[in-house]
Each structure stands twice: as structure tokens, then as C-alpha cells.
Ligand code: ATP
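Take a look at this one chain, the form predicted on its own, written out in C-alpha cells.
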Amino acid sequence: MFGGSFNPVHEGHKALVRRMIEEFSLDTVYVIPTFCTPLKDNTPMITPSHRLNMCKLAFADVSRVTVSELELLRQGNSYTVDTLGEISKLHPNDELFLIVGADSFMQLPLWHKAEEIFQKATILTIARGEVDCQKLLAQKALLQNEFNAKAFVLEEPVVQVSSTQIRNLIATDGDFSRLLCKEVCEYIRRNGLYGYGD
């Protein structure tokens, strides 16, 4: 499972998923846009349907990925523990993995029913650089010692880009095309998202 606001989905998300599929021989990755993310700040989010559509466009060429609207259909706060429960019902005999970004990995103990998450899934993340890697490895040790969690930290970074960076570029008429796949760029322009064309 790889959940997120995907506001918007970008090349970093795709690179991360591809790397995890390759590294851990994952059979299926559910990419799941959140309806509402409890620990996020008050960043304005475009509609769930736009974020879902962009995810479908972005991951159309990535094999073994299923873009799911599980959390969008459930509405309310998007709690990972609930979504993992739903996925485990779909795949009762399979081992579950939860892919998270570095920032989310550092926040995991604050997540709703964090201990249940650690019981249900192995956590996967990737470092963005040497300093980041040391922090993540320290966090991994804490999760293992305090919560008996199973976690892996990959040390070679993938594409470095953030959704915030992209939104800022769009709002200031900057060039954001290299940070998103062509289909998502066209979708943003066509629908005037994030202030494009204002």
C-alpha cells in the first residue's frame, strides 16, 4: 500500500513505487489517494476526483500498480490502519507492506493506532540523502525496539521533488513539466488546477 494526498502526484512518487516493486519483489502496489489526511497541515487540496484521475494517469504505465479509491469511498479521516484492514481482507494470505515517504516515516508513532499498523504491515521507506538516512535508521531502531515493528530503509535516493514545490511553480507560472509525467501536466493545464492560467 502506498497512500498519500498526491496533491499532485509526481515523478518522485512513481520512482519510489518502481524502486520498491523491484527491491522487494512486490506483486501488487495499491496507490491510494487519501480523502482527508489527519496529520497534514491545512494545505488546500483539490477535489478527490481530480487527485484520483491524476494518479490513474501517472501510474498507467507502471506494471503491478492498482490505483484504488478505497479511502475516497470511505470518506472522513483517512486512517492507514483501516485501509490496511480492508486490503488484508482482499488478500488474507499475503504479506502486507506499507510504503511511506521519509517525512511520514518519522511521524509513524503519531499515527492513529500505530501499533496495529506495525502488526499488520512491514514498513518501507527511502532516504533522501546521508543526513536523512541517519535519522531514518535511528527511527527504524526506535520502531523496532518500542513497537516490535518490521521496517526497511533504502539508502539510495530516488527523484527529489515535492508536491509543494510543484504547486508553488504552477502558482508563479514556473516550469513544472519536468517534475510530472506528460499526462498529469496536460490534465492540470486542461482543468486549470492549482491556479494554472489564472
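Just so you know, these numbers come straight off a predicted model, no measurement behind them. Note that residue numbering begins at 1 and tracks the sequence as displayed.
Missing here is the form predicted together with adenosine-5'-triphosphate (ATP); even so, the following discussion is about that form.
Undergrad: Non-hydrogen atoms within 4.5 angstroms of adenosine-5'-triphosphate (ATP) in the model of the complex: do Glu23, Ser63 and Phe97 all have one?
TA: No, none of Glu23, Ser63 and Phe97 comes within 4.5 Å of adenosine-5'-triphosphate (ATP) in the model of the complex.
Undergrad: Ok, Ala138, Ala171, Val131, Val159: which has a heavy atom sitting within 4.5 Å of adenosine-5'-triphosphate (ATP) in the model of the complex?
TA: Result of the distance check: Val159.
Undergrad: Of the listed stretches (159 to 167, 141 to 149, 23 to 31, 64 to 72), which one has a non-hydrogen atom within 4.5 Å of adenosine-5'-triphosphate (ATP) in the model of the complex?
TA: One stretch meets the cut-off, namely 159 to 167.
Undergrad: Looking in the model of the complex, any heavy atom of Ala102 within 4.5 Å of adenosine-5'-triphosphate (ATP)?
TA: Yes, Ala102 is a contact residue.
Undergrad: Ile126 versus adenosine-5'-triphosphate (ATP), in the model of the complex: is there a non-hydrogen atom within 4.5 Å?
TA: Because a heavy atom of Ile126 falls inside 4.5 Å of adenosine-5'-triphosphate (ATP) in the model of the complex, the answer is yes.
Undergrad: Whether Tyr194 contacts adenosine-5'-triphosphate (ATP) in the model of the complex should be assessed with a 4.5 Å heavy atom distance threshold; does it?
TA: Residue-level check for Tyr194: no, no contact with adenosine-5'-triphosphate (ATP).
Undergrad: Taking heavy atoms only, is Leu16 within 4.5 angstroms of adenosine-5'-triphosphate (ATP) in the model of the complex?
TA: Taking the distances in the model of the complex, the answer for Leu16 is yes, it comes within 4.5 Å of adenosine-5'-triphosphate (ATP).
Undergrad: Scan 133 to 152 and write down, in order along the chain, each residue with a heavy atom lying within 4.5 Å of adenosine-5'-triphosphate (ATP) in the model of the complex.
TA: Sequence-ordered list is empty.
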